[in-house]
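Next up is one chain by itself, shown in C-alpha coordinates, the form predicted alone.
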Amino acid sequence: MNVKTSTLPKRYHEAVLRWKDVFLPDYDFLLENWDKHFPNDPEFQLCAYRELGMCSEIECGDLKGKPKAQKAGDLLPEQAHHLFGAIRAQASTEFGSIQQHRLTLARAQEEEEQFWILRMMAEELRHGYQMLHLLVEDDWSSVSKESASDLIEDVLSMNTGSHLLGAFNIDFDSFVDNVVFCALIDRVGKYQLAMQKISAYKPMAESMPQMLREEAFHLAAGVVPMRRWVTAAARGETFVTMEVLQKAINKWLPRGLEMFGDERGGGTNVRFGLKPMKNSEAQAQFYQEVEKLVRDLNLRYLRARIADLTHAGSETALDRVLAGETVEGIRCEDLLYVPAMEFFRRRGVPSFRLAGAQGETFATVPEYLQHLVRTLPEAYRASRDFKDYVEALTAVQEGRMTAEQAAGRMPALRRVAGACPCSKSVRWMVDDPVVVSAPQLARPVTGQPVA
(Lines give C-alpha, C1' and ligand atoms only; values in the text may rest on other atoms or scores of the structure.)
Protein backbone atom coordinates (compact mmCIF):
# COMPACT_ATOMS: atom_id res chain seq x y z
CA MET A 1 0.00 0.00 0.00
CA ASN A 2 1.55 3.28 -1.18
CA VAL A 3 -0.08 6.26 0.50
CA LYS A 4 0.75 9.90 -0.12
CA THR A 5 -0.10 12.56 2.48
CA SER A 6 -0.40 16.28 1.90
CA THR A 7 -1.91 19.35 3.52
CA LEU A 8 -3.93 22.30 2.32
CA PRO A 9 -2.14 25.54 1.54
CA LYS A 10 -1.31 27.35 4.79
CA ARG A 11 -4.18 29.84 4.60
CA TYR A 12 -6.81 27.14 4.09
CA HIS A 13 -5.25 24.76 6.60
CA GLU A 14 -5.39 27.46 9.27
CA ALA A 15 -9.03 28.17 8.38
CA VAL A 16 -9.90 24.53 9.12
CA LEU A 17 -7.95 24.73 12.39
CA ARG A 18 -9.96 27.79 13.44
CA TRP A 19 -13.17 25.96 12.56
CA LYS A 20 -11.94 22.98 14.59
CA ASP A 21 -11.28 25.18 17.64
CA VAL A 22 -14.91 26.32 17.60
CA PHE A 23 -16.76 23.11 16.75
CA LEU A 24 -14.34 20.44 18.02
CA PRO A 25 -12.76 22.00 21.12
CA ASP A 26 -11.90 18.58 22.59
CA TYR A 27 -9.63 17.70 19.66
CA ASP A 28 -6.42 18.19 21.66
CA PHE A 29 -7.91 16.28 24.59
CA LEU A 30 -8.54 13.35 22.23
CA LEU A 31 -4.93 13.36 21.03
CA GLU A 32 -3.64 13.54 24.62
CA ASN A 33 -5.62 10.39 25.46
CA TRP A 34 -5.25 8.59 22.13
CA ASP A 35 -2.84 5.93 23.38
CA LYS A 36 -5.09 5.16 26.34
CA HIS A 37 -8.17 4.45 24.24
CA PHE A 38 -6.68 3.42 20.88
CA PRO A 39 -3.25 1.94 21.73
CA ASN A 40 -3.08 -0.23 18.61
CA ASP A 41 -3.97 2.46 16.08
CA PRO A 42 -1.67 5.07 14.50
CA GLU A 43 -2.10 8.53 15.96
CA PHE A 44 -4.55 10.73 14.13
CA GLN A 45 -3.23 13.21 11.56
CA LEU A 46 -5.14 16.08 9.99
CA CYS A 47 -4.10 15.73 6.37
CA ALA A 48 -5.26 14.44 2.98
CA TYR A 49 -4.43 10.84 2.10
CA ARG A 50 -4.14 9.56 -1.47
CA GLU A 51 -3.68 5.85 -2.11
CA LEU A 52 -1.49 5.44 -5.17
CA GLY A 53 -1.41 2.53 -7.59
CA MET A 54 -5.19 2.20 -7.98
CA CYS A 55 -6.96 1.36 -11.22
CA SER A 56 -6.20 3.92 -13.92
CA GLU A 57 -9.06 3.01 -16.28
CA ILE A 58 -12.73 4.00 -15.95
CA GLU A 59 -14.51 1.01 -14.44
CA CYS A 60 -18.14 1.46 -15.49
CA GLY A 61 -20.44 3.42 -17.77
CA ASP A 62 -20.16 4.67 -21.33
CA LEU A 63 -16.47 5.52 -20.92
CA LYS A 64 -15.43 2.18 -19.44
CA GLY A 65 -11.85 1.28 -20.30
CA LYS A 66 -10.72 4.82 -21.04
CA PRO A 67 -8.08 6.52 -18.83
CA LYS A 68 -9.38 8.10 -15.64
CA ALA A 69 -9.15 11.88 -15.46
CA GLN A 70 -6.17 13.22 -13.53
CA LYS A 71 -7.48 16.81 -13.61
CA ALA A 72 -10.94 18.38 -13.54
CA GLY A 73 -10.20 19.88 -16.95
CA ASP A 74 -9.94 16.35 -18.39
CA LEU A 75 -13.56 15.61 -17.47
CA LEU A 76 -16.54 16.18 -19.75
CA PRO A 77 -18.37 19.40 -18.78
CA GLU A 78 -21.47 17.61 -17.44
CA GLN A 79 -19.28 15.00 -15.78
CA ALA A 80 -17.30 17.73 -14.01
CA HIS A 81 -20.51 19.47 -12.95
CA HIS A 82 -21.88 16.32 -11.27
CA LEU A 83 -18.60 15.51 -9.59
CA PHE A 84 -18.03 19.03 -8.29
CA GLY A 85 -21.47 19.01 -6.67
CA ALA A 86 -20.78 15.63 -5.06
CA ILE A 87 -17.45 16.77 -3.59
CA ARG A 88 -18.98 19.96 -2.20
CA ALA A 89 -21.91 18.05 -0.71
CA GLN A 90 -19.54 15.48 0.82
CA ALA A 91 -17.52 18.26 2.44
CA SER A 92 -20.70 19.78 3.85
CA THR A 93 -21.82 16.49 5.42
CA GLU A 94 -18.48 15.86 7.12
CA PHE A 95 -18.39 19.22 8.86
CA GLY A 96 -22.14 19.08 9.51
CA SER A 97 -21.82 15.77 11.34
CA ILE A 98 -19.37 17.29 13.80
CA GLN A 99 -21.74 20.16 14.54
CA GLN A 100 -24.49 17.67 15.35
CA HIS A 101 -22.42 15.31 17.49
CA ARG A 102 -20.97 18.10 19.63
CA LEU A 103 -24.43 18.95 21.00
CA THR A 104 -24.71 15.73 23.01
CA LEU A 105 -21.15 14.39 23.19
CA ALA A 106 -20.87 15.14 26.91
CA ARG A 107 -24.05 13.17 27.69
CA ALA A 108 -22.51 9.73 27.15
CA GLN A 109 -22.84 7.44 30.15
CA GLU A 110 -19.59 5.62 29.38
CA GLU A 111 -16.16 7.22 28.87
CA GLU A 112 -15.24 4.67 26.22
CA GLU A 113 -18.27 5.42 24.09
CA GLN A 114 -17.64 9.14 24.42
CA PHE A 115 -14.09 8.76 23.16
CA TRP A 116 -15.30 6.62 20.27
CA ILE A 117 -17.59 9.42 19.15
CA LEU A 118 -14.87 12.00 19.73
CA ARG A 119 -12.50 10.01 17.50
CA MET A 120 -15.23 9.71 14.90
CA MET A 121 -15.65 13.51 14.95
CA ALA A 122 -11.92 14.03 14.42
CA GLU A 123 -11.98 11.64 11.48
CA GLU A 124 -15.00 13.43 10.02
CA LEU A 125 -12.93 16.60 10.25
CA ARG A 126 -10.24 14.86 8.25
CA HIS A 127 -12.81 13.68 5.69
CA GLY A 128 -14.03 17.24 5.24
CA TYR A 129 -10.41 18.34 4.95
CA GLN A 130 -9.88 15.69 2.25
CA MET A 131 -12.80 17.04 0.21
CA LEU A 132 -11.58 20.62 0.55
CA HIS A 133 -8.19 19.42 -0.65
CA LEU A 134 -9.85 18.05 -3.80
CA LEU A 135 -11.56 21.39 -4.37
CA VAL A 136 -8.45 23.56 -4.04
CA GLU A 137 -5.69 21.41 -5.53
CA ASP A 138 -7.41 21.43 -8.93
CA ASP A 139 -8.98 24.07 -11.16
CA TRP A 140 -12.79 23.78 -11.03
CA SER A 141 -13.42 27.14 -12.70
CA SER A 142 -15.14 25.41 -15.63
CA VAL A 143 -18.08 24.47 -13.36
CA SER A 144 -17.69 26.81 -10.38
CA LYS A 145 -18.01 30.56 -10.46
CA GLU A 146 -16.35 30.79 -7.04
CA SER A 147 -12.70 31.10 -6.18
CA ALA A 148 -11.06 28.42 -4.02
CA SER A 149 -11.17 30.83 -1.08
CA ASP A 150 -14.89 31.41 -1.52
CA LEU A 151 -15.56 27.67 -1.85
CA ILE A 152 -13.83 26.92 1.45
CA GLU A 153 -15.44 29.92 3.13
CA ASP A 154 -18.86 28.76 1.98
CA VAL A 155 -18.44 25.18 3.23
CA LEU A 156 -17.00 26.22 6.60
CA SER A 157 -19.74 28.82 7.13
CA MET A 158 -22.53 26.21 6.90
CA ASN A 159 -24.24 25.33 10.15
CA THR A 160 -26.95 22.95 11.28
CA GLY A 161 -29.91 24.10 9.21
CA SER A 162 -27.94 25.13 6.13
CA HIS A 163 -26.11 21.99 5.04
CA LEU A 164 -26.77 20.44 1.65
CA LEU A 165 -28.32 17.16 2.87
CA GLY A 166 -31.29 17.02 5.21
CA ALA A 167 -29.87 14.44 7.61
CA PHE A 168 -27.22 16.97 8.66
CA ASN A 169 -29.73 19.70 9.50
CA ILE A 170 -31.36 17.86 12.43
CA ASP A 171 -30.29 18.49 16.01
CA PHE A 172 -29.38 15.60 18.29
CA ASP A 173 -31.55 15.20 21.38
CA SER A 174 -29.48 12.74 23.41
CA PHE A 175 -26.44 10.48 23.14
CA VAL A 176 -28.75 7.86 21.65
CA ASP A 177 -28.77 10.05 18.54
CA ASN A 178 -24.96 10.05 18.42
CA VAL A 179 -24.92 6.27 18.42
CA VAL A 180 -27.85 5.52 16.09
CA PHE A 181 -26.65 8.20 13.66
CA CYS A 182 -23.29 6.38 13.43
CA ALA A 183 -24.99 3.02 12.87
CA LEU A 184 -27.34 4.30 10.15
CA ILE A 185 -26.18 7.57 8.59
CA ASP A 186 -22.49 6.62 8.59
CA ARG A 187 -23.58 3.40 6.94
CA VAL A 188 -24.91 5.50 4.06
CA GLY A 189 -21.53 7.23 4.06
CA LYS A 190 -19.84 3.85 3.69
CA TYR A 191 -21.93 3.13 0.60
CA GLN A 192 -21.21 6.51 -0.94
CA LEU A 193 -17.46 6.20 -0.34
CA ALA A 194 -17.37 2.64 -1.67
CA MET A 195 -19.12 3.74 -4.85
CA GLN A 196 -16.82 6.73 -5.28
CA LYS A 197 -13.79 4.46 -4.97
CA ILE A 198 -14.23 3.64 -8.68
CA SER A 199 -14.65 7.29 -9.69
CA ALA A 200 -13.56 8.28 -13.19
CA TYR A 201 -11.76 11.20 -11.51
CA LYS A 202 -8.63 9.52 -10.16
CA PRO A 203 -7.94 11.94 -7.27
CA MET A 204 -11.44 11.19 -5.94
CA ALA A 205 -10.93 7.43 -6.21
CA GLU A 206 -7.54 7.68 -4.50
CA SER A 207 -9.10 9.61 -1.63
CA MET A 208 -11.58 6.88 -0.74
CA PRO A 209 -9.55 3.94 0.73
CA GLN A 210 -8.42 5.75 3.89
CA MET A 211 -11.86 7.30 4.34
CA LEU A 212 -13.42 3.83 4.09
CA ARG A 213 -11.03 2.44 6.71
CA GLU A 214 -12.03 5.24 9.06
CA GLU A 215 -15.72 4.85 8.20
CA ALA A 216 -15.57 1.25 9.42
CA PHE A 217 -14.71 2.56 12.89
CA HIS A 218 -17.62 5.02 12.71
CA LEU A 219 -20.04 2.17 12.09
CA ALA A 220 -18.61 0.28 15.06
CA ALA A 221 -19.07 3.38 17.22
CA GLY A 222 -22.78 2.99 16.52
CA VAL A 223 -23.30 -0.75 16.34
CA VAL A 224 -21.32 -1.82 19.43
CA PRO A 225 -23.19 0.47 21.88
CA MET A 226 -26.52 -0.57 20.33
CA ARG A 227 -25.61 -4.20 20.97
CA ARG A 228 -24.76 -3.37 24.56
CA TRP A 229 -27.99 -1.45 25.01
CA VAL A 230 -30.31 -4.20 23.71
CA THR A 231 -28.54 -6.73 25.92
CA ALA A 232 -28.93 -4.46 28.94
CA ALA A 233 -32.58 -3.79 28.06
CA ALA A 234 -33.25 -7.53 27.90
CA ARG A 235 -31.87 -7.85 31.43
CA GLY A 236 -34.20 -5.20 32.75
CA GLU A 237 -32.02 -2.09 32.72
CA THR A 238 -33.95 1.04 31.87
CA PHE A 239 -31.28 3.48 30.68
CA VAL A 240 -31.88 2.87 26.96
CA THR A 241 -34.98 0.79 26.32
CA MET A 242 -36.00 -0.99 23.14
CA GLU A 243 -38.70 1.66 22.67
CA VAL A 244 -36.13 4.46 22.85
CA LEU A 245 -33.91 2.70 20.33
CA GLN A 246 -36.83 2.01 17.99
CA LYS A 247 -37.91 5.64 17.95
CA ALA A 248 -34.35 6.75 17.21
CA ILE A 249 -34.19 4.30 14.30
CA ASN A 250 -37.52 5.68 13.06
CA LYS A 251 -36.09 9.19 13.24
CA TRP A 252 -32.90 8.52 11.28
CA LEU A 253 -33.57 5.74 8.78
CA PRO A 254 -35.86 7.85 6.53
CA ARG A 255 -33.18 10.54 6.33
CA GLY A 256 -30.57 7.90 5.51
CA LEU A 257 -32.68 6.51 2.66
CA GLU A 258 -33.01 10.01 1.21
CA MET A 259 -29.24 10.51 1.18
CA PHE A 260 -29.03 8.20 -1.84
CA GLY A 261 -31.06 10.69 -3.88
CA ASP A 262 -34.33 10.20 -5.72
CA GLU A 263 -35.00 6.53 -6.41
CA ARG A 264 -35.46 7.29 -10.11
CA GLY A 265 -32.03 8.93 -10.46
CA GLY A 266 -28.35 8.10 -10.45
CA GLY A 267 -28.12 6.87 -14.03
CA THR A 268 -26.02 9.85 -15.08
CA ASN A 269 -23.37 9.10 -12.45
CA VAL A 270 -23.17 5.50 -13.69
CA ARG A 271 -22.99 6.59 -17.32
CA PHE A 272 -20.14 8.99 -16.54
CA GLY A 273 -18.23 6.37 -14.53
CA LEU A 274 -18.56 8.26 -11.24
CA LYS A 275 -20.49 5.51 -9.39
CA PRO A 276 -21.26 1.87 -10.18
CA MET A 277 -24.90 1.84 -9.02
CA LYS A 278 -28.04 3.87 -9.54
CA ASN A 279 -29.70 5.44 -6.50
CA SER A 280 -32.38 2.77 -6.08
CA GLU A 281 -29.86 -0.08 -6.26
CA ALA A 282 -27.60 1.38 -3.58
CA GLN A 283 -30.59 2.35 -1.44
CA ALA A 284 -32.00 -1.19 -1.58
CA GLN A 285 -28.66 -2.72 -0.55
CA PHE A 286 -28.38 -0.27 2.33
CA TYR A 287 -31.90 -1.13 3.51
CA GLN A 288 -31.12 -4.86 3.43
CA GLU A 289 -27.98 -4.21 5.48
CA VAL A 290 -30.04 -2.35 8.10
CA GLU A 291 -32.42 -5.30 8.21
CA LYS A 292 -29.45 -7.56 9.04
CA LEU A 293 -28.32 -5.13 11.74
CA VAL A 294 -31.75 -5.09 13.37
CA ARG A 295 -32.02 -8.87 13.20
CA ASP A 296 -28.64 -9.17 14.93
CA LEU A 297 -29.81 -6.81 17.68
CA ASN A 298 -33.01 -8.82 18.18
CA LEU A 299 -31.05 -12.08 18.40
CA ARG A 300 -28.83 -10.58 21.09
CA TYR A 301 -31.93 -9.41 22.95
CA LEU A 302 -33.39 -12.94 22.87
CA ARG A 303 -30.17 -14.59 24.04
CA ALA A 304 -29.98 -12.15 26.95
CA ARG A 305 -33.60 -12.77 27.92
CA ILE A 306 -33.72 -16.56 27.58
CA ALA A 307 -31.21 -18.58 29.60
CA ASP A 308 -29.09 -21.17 27.75
CA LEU A 309 -30.41 -20.13 24.34
CA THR A 310 -27.90 -21.12 21.64
CA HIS A 311 -27.15 -19.11 18.50
CA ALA A 312 -29.07 -21.60 16.38
CA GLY A 313 -31.90 -21.68 18.90
CA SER A 314 -32.12 -17.91 18.94
CA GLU A 315 -32.59 -17.86 15.14
CA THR A 316 -35.52 -20.26 15.45
CA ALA A 317 -36.98 -18.39 18.41
CA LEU A 318 -36.75 -15.06 16.59
CA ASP A 319 -38.56 -16.41 13.54
CA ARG A 320 -41.32 -17.74 15.79
CA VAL A 321 -41.72 -14.39 17.56
CA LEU A 322 -41.75 -12.49 14.26
CA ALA A 323 -44.44 -14.89 13.03
CA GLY A 324 -46.67 -13.82 15.93
CA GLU A 325 -45.90 -16.38 18.64
CA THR A 326 -45.03 -15.50 22.21
CA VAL A 327 -41.79 -17.25 23.20
CA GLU A 328 -40.77 -17.25 26.87
CA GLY A 329 -42.93 -14.17 27.37
CA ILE A 330 -41.35 -12.28 24.45
CA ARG A 331 -43.74 -10.83 21.87
CA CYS A 332 -43.07 -9.30 18.47
CA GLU A 333 -43.76 -5.81 19.85
CA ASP A 334 -40.93 -6.28 22.36
CA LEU A 335 -38.39 -6.39 19.51
CA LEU A 336 -36.97 -3.86 17.09
CA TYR A 337 -38.17 -3.57 13.50
CA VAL A 338 -36.97 -1.76 10.38
CA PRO A 339 -39.41 1.01 9.45
CA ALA A 340 -40.97 0.77 5.98
CA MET A 341 -39.07 2.52 3.20
CA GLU A 342 -42.05 4.85 2.61
CA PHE A 343 -42.33 5.94 6.25
CA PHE A 344 -41.79 9.60 7.17
CA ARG A 345 -40.22 10.48 3.84
CA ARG A 346 -39.82 14.03 2.57
CA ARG A 347 -37.82 13.37 -0.58
CA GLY A 348 -37.94 10.81 -3.37
CA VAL A 349 -40.85 8.80 -4.74
CA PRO A 350 -42.62 8.20 -1.36
CA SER A 351 -42.31 11.82 -0.17
CA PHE A 352 -45.14 13.18 1.98
CA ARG A 353 -47.26 10.05 1.81
CA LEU A 354 -49.28 9.02 4.86
CA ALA A 355 -47.25 5.82 5.22
CA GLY A 356 -46.83 4.18 8.61
CA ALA A 357 -43.70 2.78 10.19
CA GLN A 358 -44.82 -0.82 9.61
CA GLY A 359 -46.45 -0.31 6.24
CA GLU A 360 -49.81 0.99 7.42
CA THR A 361 -51.65 3.69 5.49
CA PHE A 362 -53.66 6.54 7.00
CA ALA A 363 -56.64 8.40 5.58
CA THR A 364 -56.07 11.83 7.14
CA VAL A 365 -53.22 14.02 8.30
CA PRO A 366 -54.43 14.11 11.95
CA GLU A 367 -54.48 10.29 12.06
CA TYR A 368 -50.98 10.16 10.61
CA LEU A 369 -49.66 12.75 13.04
CA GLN A 370 -50.95 10.68 15.95
CA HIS A 371 -49.04 7.75 14.48
CA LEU A 372 -45.88 9.88 14.43
CA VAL A 373 -46.51 10.79 18.07
CA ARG A 374 -46.33 7.07 18.87
CA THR A 375 -43.31 6.29 16.69
CA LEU A 376 -40.91 9.26 16.90
CA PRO A 377 -38.90 10.59 19.87
CA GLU A 378 -40.73 13.16 21.96
CA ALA A 379 -37.83 15.63 21.95
CA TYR A 380 -37.58 15.49 18.16
CA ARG A 381 -41.30 16.22 17.76
CA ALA A 382 -40.69 19.50 19.59
CA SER A 383 -38.07 20.54 17.03
CA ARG A 384 -38.33 23.03 14.21
CA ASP A 385 -37.42 20.33 11.71
CA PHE A 386 -40.51 18.33 12.63
CA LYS A 387 -42.69 21.45 12.58
CA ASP A 388 -41.46 22.28 9.07
CA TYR A 389 -42.23 18.72 7.97
CA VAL A 390 -45.77 18.82 9.37
CA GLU A 391 -46.50 22.13 7.64
CA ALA A 392 -45.20 20.80 4.32
CA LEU A 393 -47.09 17.51 4.72
CA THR A 394 -50.33 19.38 5.44
CA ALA A 395 -49.87 21.61 2.40
CA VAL A 396 -49.28 18.61 0.14
CA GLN A 397 -52.23 16.66 1.47
CA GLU A 398 -54.51 19.70 1.10
CA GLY A 399 -53.39 20.25 -2.47
CA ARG A 400 -51.75 23.61 -1.82
CA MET A 401 -48.34 22.32 -2.83
CA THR A 402 -46.95 19.39 -4.81
CA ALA A 403 -44.68 16.86 -3.17
CA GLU A 404 -41.85 18.10 -5.38
CA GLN A 405 -42.40 21.69 -4.26
CA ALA A 406 -42.52 20.63 -0.61
CA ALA A 407 -39.33 18.58 -1.00
CA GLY A 408 -37.61 21.68 -2.34
CA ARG A 409 -38.39 23.43 0.92
CA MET A 410 -37.09 20.68 3.18
CA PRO A 411 -35.07 21.73 5.00
CA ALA A 412 -35.64 25.46 4.76
CA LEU A 413 -32.03 26.59 4.36
CA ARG A 414 -31.12 29.08 7.00
CA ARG A 415 -28.10 30.25 8.90
CA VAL A 416 -28.28 29.89 12.66
CA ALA A 417 -26.40 31.03 15.74
CA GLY A 418 -26.18 34.61 14.54
CA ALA A 419 -24.44 34.01 11.20
CA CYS A 420 -26.06 35.86 8.32
CA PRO A 421 -26.73 34.20 4.94
CA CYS A 422 -23.60 35.81 3.48
CA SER A 423 -20.66 33.46 3.96
CA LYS A 424 -18.32 36.46 3.95
CA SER A 425 -19.69 37.41 7.37
CA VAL A 426 -18.09 34.31 8.88
CA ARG A 427 -14.56 34.84 7.55
CA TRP A 428 -12.84 31.66 8.64
CA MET A 429 -9.90 32.69 6.50
CA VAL A 430 -8.01 35.76 7.70
CA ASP A 431 -4.73 37.35 6.70
CA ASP A 432 -3.38 37.66 10.23
CA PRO A 433 -3.56 35.11 13.05
CA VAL A 434 -6.54 35.57 15.36
CA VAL A 435 -7.47 34.04 18.67
CA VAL A 436 -10.72 32.12 18.50
CA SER A 437 -12.61 31.81 21.75
CA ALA A 438 -14.30 28.43 21.87
CA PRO A 439 -16.49 26.88 24.56
CA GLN A 440 -14.93 23.70 25.99
CA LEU A 441 -16.74 20.65 27.21
CA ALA A 442 -16.76 20.66 30.98
CA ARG A 443 -14.45 17.99 32.38
CA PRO A 444 -14.05 16.64 35.91
CA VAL A 445 -10.79 17.27 37.72
CA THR A 446 -9.63 13.77 36.80
CA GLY A 447 -9.11 14.96 33.26
CA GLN A 448 -11.73 12.55 31.94
CA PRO A 449 -14.66 13.69 29.78
CA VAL A 450 -18.00 14.25 31.38
CA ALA A 451 -20.03 11.04 31.58
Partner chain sequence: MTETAAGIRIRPLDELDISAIVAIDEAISGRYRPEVWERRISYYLRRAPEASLVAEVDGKVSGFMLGEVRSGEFGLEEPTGWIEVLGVDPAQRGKALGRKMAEGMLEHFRSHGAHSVRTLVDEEREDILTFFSSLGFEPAGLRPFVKHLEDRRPG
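Numbering follows the first chain given and starts at 1. Not measured: the values here are computed from a predicted model.
This next part talks about the form predicted together with its partner chain, which is not shown.
Participant: Considering its partner chain in the predicted complex, which of 271, 228, 71, 353 comes within 4.5 Å of it through any heavy atom?
Facilitator: Selected option: 228.
Participant: To verify the annotation, which of these, 67, 399, 39, 53, has a non-hydrogen atom within 4.5 Å of its partner chain in the predicted complex?
Facilitator: Only one option qualifies, and that one is 39.
Participant: Check for me whether its partner chain, as it appears in the predicted complex, comes within 4.5 angstroms of all of 213, 216 and 223 - heavy atoms only.
Facilitator: Checking in the predicted complex: 213, 216 and 223 are all within 4.5 Å of its partner chain.
Participant: So in the predicted complex, does residue 84 come within 4.5 Å of its partner chain, heavy atom to heavy atom?
Facilitator: Outside the cut-off, so no.
Participant: Does its partner chain come within 4.5 Å of any heavy atom of residue 116 in the predicted complex?
Facilitator: Residue 116: yes, in contact with its partner chain in the predicted complex.
Participant: Decide whether residue 372 counts as a contact residue for its partner chain in the predicted complex under a heavy atom distance cut-off of 4.5 Å.
Facilitator: Output for residue 372 is no: heavy atoms all beyond 4.5 Å of its partner chain.
Participant: Taking its partner chain as it sits in the predicted complex, is residue 170 near enough to touch it, meaning that at least one heavy atom pair lies within 4.5 angstroms?
Facilitator: Heavy-atom contact with its partner chain at 4.5 Å: absent for residue 170.
Participant: Based on heavy atom distances of at most 4.5 Å to its partner chain in the predicted complex, which listed stretch, 125-133, 93-101, 303-311, 273-281, is the contact stretch?
Facilitator: After filtering at 4.5 Å, what remains is 303-311.
Participant: If you look in the predicted complex, which residues in 266-304 sit within 4.5 Å of its partner chain (heavy atoms)?
Facilitator: 289, 292, 293, 296, 300, 303 sit within 4.5 Å of the partner.
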